[in-house]
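The chain below stands alone and is given as structure tokens, in the form predicted on its own.
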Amino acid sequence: MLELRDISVSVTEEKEVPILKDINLALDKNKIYVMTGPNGGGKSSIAKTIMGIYQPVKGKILLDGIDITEKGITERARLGIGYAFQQPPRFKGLKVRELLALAGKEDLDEQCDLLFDVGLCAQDYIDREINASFSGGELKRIEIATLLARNLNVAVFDEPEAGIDLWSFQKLTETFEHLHEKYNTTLVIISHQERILRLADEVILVSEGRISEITSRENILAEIEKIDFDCRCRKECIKGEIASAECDR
């Protein structure tokens, strides 16, 4: 449904620096793909290339067989590609219902259904202003609701667990499961978290600007179990979703 063929991307600083090299990737309809790998390996760069934030210097991007390589962010959004940033924006002065209307759902009943689908009570949120009173988890789910309002073909989420607490993270994973069951949208989630990896139909491993492997969640979870961590407490922290924990021994 969405295909990247021999995609290479470079950025220009003092000189041209390649950040993606010969990316080949085919995403099917209504599947969950989790993209993982070391920091700086190119995961976010692939996501931004899908959205049109980065333009490739080589290769093609096809959506349902149509070449969209030269299309910009706005054109791709109109074709049903959406992108959720690590840190969702706060729209001061804008209410939730107004944001959902801007995203394409003006009917109040439909707006309430969207909030329900992302685990929020419409009565509590529909007329709230999107300001500093919102937690990170609430903002993430509001952003997901705006993506759903657009009936997307492909939705890309860049480390959706970043900056949210454990309770919100649990609700977020439940939201992704619900979306997969109800909506015919391909989900691409960039994450290191085991609980997110367990949602995947396929796991895409990215390293040094290349896709090193595409595998099943069973294979990647088995590899995680075999990792020889420095100490037992470090291993328990990883399994407990606290990937940034450091061992002080």
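Quick caveat: nothing in here was measured; it's all calculated off a predicted structure. Start at 1 with the first residue shown and count on from there.
Beyond what is shown, the protein has a form predicted in complex with a small molecule; the following relates to that form.
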Quiz prompt | Val11, Gly41 and Gln86 all contacting the small molecule in the model of the complex, non-hydrogen atom within 4.5 Å | solution = yes
Self-check item: 4.5 Å heavy atom contact, Arg217 to the small molecule in the model of the complex
Solution: no
Self-check item: Contact of Glu98 with the small molecule in the model of the complex (heavy atom, 4.5 Å)
Solution: no
Practice problem: Mark Ile19 yes when one of its heavy atoms lies within 4.5 Å of a heavy atom of the small molecule in the model of the complex, and no otherwise. | Solution: yes
Practice problem: Give a yes/no on whether Asp117 approaches the small molecule to within 4.5 Å in the model of the complex, heavy atoms considered. | Solution: no
Quiz item: Which residue, His192, His180, Arg210, Lys58, has a heavy atom that falls within 4.5 Å of the small molecule in the model of the complex?
Solution: His192
Quiz prompt | in the model of the complex, segment of 65-73, 26-34, 195-203, 44-52 with a heavy atom within 4.5 Å of the small molecule | solution = 44-52
